[in-house]
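Only one chain is included here, represented as structure tokens and corresponding to the form predicted on its own.
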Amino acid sequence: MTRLRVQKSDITVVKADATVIFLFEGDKAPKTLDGKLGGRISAILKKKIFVPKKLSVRRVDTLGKLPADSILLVGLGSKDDFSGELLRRASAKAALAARESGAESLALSISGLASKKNPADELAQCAAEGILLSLYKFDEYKKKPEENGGDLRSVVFACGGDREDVGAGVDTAEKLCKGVALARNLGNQPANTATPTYIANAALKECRKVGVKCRILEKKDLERLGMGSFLAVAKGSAEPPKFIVMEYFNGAKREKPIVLVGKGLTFDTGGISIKPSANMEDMKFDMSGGGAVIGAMTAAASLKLRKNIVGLVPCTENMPGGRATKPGDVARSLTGLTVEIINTDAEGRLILADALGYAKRYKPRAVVDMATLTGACMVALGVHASGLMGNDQKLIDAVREAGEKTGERCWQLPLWEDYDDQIKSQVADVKNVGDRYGGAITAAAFLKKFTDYPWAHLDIAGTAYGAKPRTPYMTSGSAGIGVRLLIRFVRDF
């Protein structure tokens, strides 16, 4: 794990293998630094050997003239375009470049970038997040881990009078990134390891560490409660279903909680409506929403948020066994609504329906669910934004704003009553799929039937994982999407 330190000193005197210097387009070389290097940085900028465009990086050897072995010039583009997210990405690029060069220590300063619009604590948090998230590795199953440079063991944030603010931002980032790493680790595990039982035990263990109350409802509990919609999905699997309930009450005694719900499908074959074999291995990531909620709950406790929060994660596999639900079967949900199951591959909404029904017992201020729910959302938005819908515009706006601040962007799709016609059933109260078009919206329309409180839904099918990193800090495999967004939303709402 990379160690982050905050040090009150000038960046030019910090001893490190590499020192980061951020530059905007049109900036001159830092006077003291450039002087010690005999004007080398000025010459590089003048000759346009390095142009500080967004996320450009150039390594300059100090030839022993500074305590640092090398300087990493990192471009930020135009000052008008500067944001915390840009710094998050630029810091990630710097960390990756340092690691690839074999550096084990890195120094940087964000003090000169801070302003009223971008205060030092938030910029420090963004920079630290970019560094820690970019350096994540999952090599548990490799006999010989891949070489991609050395391990960046330490990072120093050099600062002046803003040391307290910088320190607070770095501390927040470290606690958040532990939650993201937990979500990524759970997602990257193969499904023969990460069964519902494994996920439940991991939640118990991690919650115990930070003081979150956690209990697991077993199959017999789900039957007693009448969670027929959830159980309909679990019927075909030899693995028992688990319903993870996490409670963190650290807010005002009478304050209604915010409930976070995450889809925990540890593997999705599609059931009887079986998926094509191509890329089915990626269905181990179908529990990404659940992993994010577990990560967010542990991060909330680590940060000691003065909030009341509940996390609910229904966990199961969706398998085509001899007892599996068949297309056309009808299940009775916890809320009493009956569901005609037209397609067993639309299973995420079935387990979420009972989790949303269970959330009612908390009389919540708001409920946000997060799920890798529909390929249709990927068709609509690609891989750079999560779909966002709900029944309360104030809540939707708060979730969207949290996404903008964390770089985990969301885009609102309509959820008009017109879409309800597509999920009307002739034999039950509702059916679990509509027709071919608007699939992400009709999935949300289905979920809406099980809510009677302010509710927002995030479809993260396109953003939760990927074969290639989409940003410098978002690694391939599980992206851990949702942890930082949910924490920002809870803090600000």
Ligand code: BES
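Treat the numbers as computed from the prediction; the structure is a model and nothing was measured. Position 1 is the first residue in the sequence shown; the rest follow in order.
The form predicted in complex with the named molecule is left out here; the points below concern that form.
Taken together, the three residues S229, L312 and I351 all stay farther than 4.5 Å from the named molecule in the predicted complex, as judged by their closest heavy atom. For the residues A376, L72, I258, V339, the 4.5 Å heavy atom test against the named molecule in the predicted complex is passed only by A376. The single contact residue among A398, M283, V383, V330, judged by any heavy atom lying within 4.5 Å of the named molecule in the predicted complex, is M283. Contact between I41 and the named molecule in the predicted complex is not found at the 4.5 Å heavy atom cutoff. Although the partner is absent here, T266 sits far enough away that none of its heavy atoms falls within 4.5 Å of the named molecule in the predicted complex. At a distance threshold of 4.5 angstroms between non-hydrogen atoms, A346 is in contact with the named molecule in the predicted complex. By the criterion of a heavy atom within 4.5 Å, T372 is counted among the residues contacting the named molecule in the predicted complex. Partner contact region in the predicted complex: 458-466, out of 30-38, 58-66, 458-466, 420-428, criterion any non-hydrogen atom within 4.5 Å of the named molecule.
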